[in-house]
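Next up: a single chain in structure tokens, the form predicted on its own.
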């Protein structure tokens, strides 16, 4: 009997090894893709950040000047402006997206599918075209000012374009679907009979929402916040097309260091890596905080 059991274990081990080999074969293309098109470029950026800038290119001489300038506070303002706008964009997207995602999740299947198509439609249009549409809408002689003046709400056109307000409006518009979809995917799986049970136990609708629905949708909030915050933090197109040169965002600074003469590839690389490091630390901190709160509940 033990001998037969040993044969079974050996057979199971062979089967497991076969499955592991198949898994490695299936994941190999994706791993190779990520290695060559993600890891290798980052290694090049890391190397460049420790080199010396030249007028048009770089000199292969080791230097810490780029990091010295960053940590001395020379580039503190673009970082602060970018983090402020990314944070505000994430909060606004969350406040706007949650009711929409909740409504879609509670709708009938036919209505739900139609609403999801409307959420996805903006992805069918090029980002630059959408940004230029906002430029036309927010311009001094644009649609918004014309409507407000026709109704007598303003006597002179509002200067919205080339302001942080315009950047915020366009960012919320662009990144809102990235918040709605993760929230919907989580809320849609919630057992809504729990709300009825909570209200049967004495909770009103507001209390049931904050005690039941909101805690169960934390993973969607976390995922949506990441999908909005990180792209908004390094955004370049939006800030360049509707922002102003007085409030330079970190994405603009990195781009200017690469394309303007004299070019400063090491500084652009150092700024990119510093931004990556800060974002990584924030994400790890948020994840650890979420795990800590989850353990406390159990």
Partner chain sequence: MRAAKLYKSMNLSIFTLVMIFLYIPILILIIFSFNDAKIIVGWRGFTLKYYAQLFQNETIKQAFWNTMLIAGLSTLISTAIGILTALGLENKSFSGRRGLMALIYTPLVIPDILMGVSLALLFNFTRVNTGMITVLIAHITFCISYTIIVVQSRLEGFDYSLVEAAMDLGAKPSAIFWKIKFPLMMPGIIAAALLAFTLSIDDFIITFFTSGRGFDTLPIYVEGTIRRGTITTINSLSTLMIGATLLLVVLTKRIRGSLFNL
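For the two forms, the rigid core is made up of the largest set of C-alpha atoms that agree within 1.5 Å on superposition. Bear in mind the structure is a predicted one, so any value in this text is a computation, not a measurement. Numbering follows the first chain given and starts at 1.
Omitted here: the form predicted in complex with the partner chain. The next part is about that form.
Colleague: So in the predicted complex, does residue 122 come within 4.5 Å of the partner chain, heavy atom to heavy atom?
Modeller: Flag for residue 122 set to yes.
Colleague: Determine whether any heavy atom of residue 113 comes within 4.5 Å of a heavy atom of the partner chain in the predicted complex, and answer yes or no.
Modeller: Residue 113: contacts the partner chain in the predicted complex.
Colleague: Would residue 68 show up as a contact with the partner chain in the predicted complex if we use heavy atoms at 4.5 Å?
Modeller: Outside the cut-off, so no.
Colleague: If you check in the predicted complex, is residue 286 within 4.5 Å of the partner chain, heavy atoms only?
Modeller: It does not: once the partner chain is placed as it appears in the predicted complex, residue 286 has no heavy atom within 4.5 Å of it.
Colleague: Quick check: do 45, 103 and 237 each get a heavy atom within 4.5 Å of the partner chain in the predicted complex?
Modeller: Verified in the predicted complex; spot residues all in contact, yes.
Colleague: For the chain seen here without its partner, which of 139-147, 82-90, 69-77, 152-160 has a heavy atom within 4.5 Å of the partner chain in the predicted complex?
Modeller: Going through the listed ranges, the match is 139-147.
Colleague: Need the contact residues for 21-41: heavy atom within 4.5 Å of the partner chain in the predicted complex, sequence order, or none if there are none.
Modeller: Residues within 4.5 Å: 23, 24, 26, 27, 29, 30, 31, 33, 34, 35, 36, 37, 38, 39, 40, 41.
Colleague: If the two forms are fitted on the core, does residue 277 show a Cα displacement reaching 2 angstroms between the shown form and the other one?
Modeller: No, shifts by less than 2 Å.
Colleague: After fitting the rigid core, is the C-alpha of residue 258 off by 2 Å or more between the shown form and the other one?
Modeller: For residue 258, whose C-alpha is compared between the shown form and the other one after core superposition, the shift is less than 2 Å.
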